[in-house]
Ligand code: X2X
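In structure tokens, the next block holds one chain alone, the form predicted on its own.
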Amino acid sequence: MTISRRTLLQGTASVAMVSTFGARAQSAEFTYKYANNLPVTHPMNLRAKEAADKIKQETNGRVEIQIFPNNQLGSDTDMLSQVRSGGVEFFTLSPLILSTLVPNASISGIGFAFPNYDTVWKAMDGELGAYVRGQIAKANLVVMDKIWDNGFRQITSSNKPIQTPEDLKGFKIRVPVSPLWTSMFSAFGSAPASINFAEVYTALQTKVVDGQENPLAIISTAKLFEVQKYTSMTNHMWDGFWFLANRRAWERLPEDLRAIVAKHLNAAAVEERADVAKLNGNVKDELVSKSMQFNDPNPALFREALRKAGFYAEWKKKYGDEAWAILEKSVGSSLS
């Protein structure tokens, strides 16, 4: 599958493609719901639909996965509750938001830890990812082996570019509902506001906050360029999506069906990573065409500001020495 802007803009067709309702679902032995917070045109939903189709085919129609994109079933915190209770069977969530339930899940999102994607995938497909999955399993959730890509996060603003750490002082910025985000921007002297993604556009439009931070693909697909003027390429955090399953629902599947579902979901995650990389290669030019202005701050200035503010020392203490040692080994440098 080739991801292009033409594909992303085919919203109406994608809605019909992604949602799998109707009489066909009645014949499946296992009909499971998969919820997420991303627009229907995001590569994650396109690849999830491909995986759902392959799962249905290979299980001879025994497993059907219905996809509910774009917060259709509630906010991130709502859907996390639903996947825990069994209201939905599958859910993809940022490890940083998952940290409200699994505190050490957010260690992969430490500010300015990953210098590039090669380091990210080596860590998340390796020892760091294995450590986090072990933590998630302790919370009685099932998690797939491969994490999906959300991307490196950038800061957008309606009133000024962010060039140095000083530009963040007093800056009203929306952050996801996660302690790590609030902690990091508080260390910069910002005024972070925890707001669920479903409410971000309105919060920016009504000036409840002056800015937000997200990967370029989401800035584009969620049309945040309509209410923001500047994009500062801070690459301040890498973020992904763990594919979570309700444990009881997962264990209801016979072992052979579990293997088929996991195989296709993990393969789709790897394909989605490539899609996001291609999309990020094009989306900057498209955002410029929408009148967004870009700048490239020096990440070393921000990392040093966090070190001086005691941010890394604070989170090393919270995560513990074992987890922090795995992180520093994975990123190849000392943060504290």
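None of the values given here were measured: they were computed from a predicted structure. Note that residue numbering follows the sequence shown and begins at 1.
Another form, the form predicted together with the ligand, is not on view; read the next lines as being about it.
- With the ligand left out of view, the stretch that reaches within 4.5 Å of it through heavy atoms in the model of the complex is, among 112 to 120, 201 to 209, 126 to 134, 176 to 184, 176 to 184.
- Proximity to the ligand in the model of the complex, taken as a non-hydrogen atom within 4.5 angstroms, holds for one residue of S220, S157, S108, S94, which is S94.
- Proximity to the ligand in the model of the complex, defined as a heavy atom within 4.5 Å, holds among V283, V63, L38, L306 only for L38.
- For the three marked residues, F197, N214 and F241, a heavy atom of each sits within 4.5 Å of the ligand in the model of the complex.
- Though the partner is left out of this view, N150 does reach within 4.5 Å of the ligand in the model of the complex, counting heavy atoms only.
- A residue is said to contact a partner when one of its heavy atoms sits within 4.5 Å of a partner heavy atom; E89 fails this definition for the ligand in the model of the complex, lying far away.
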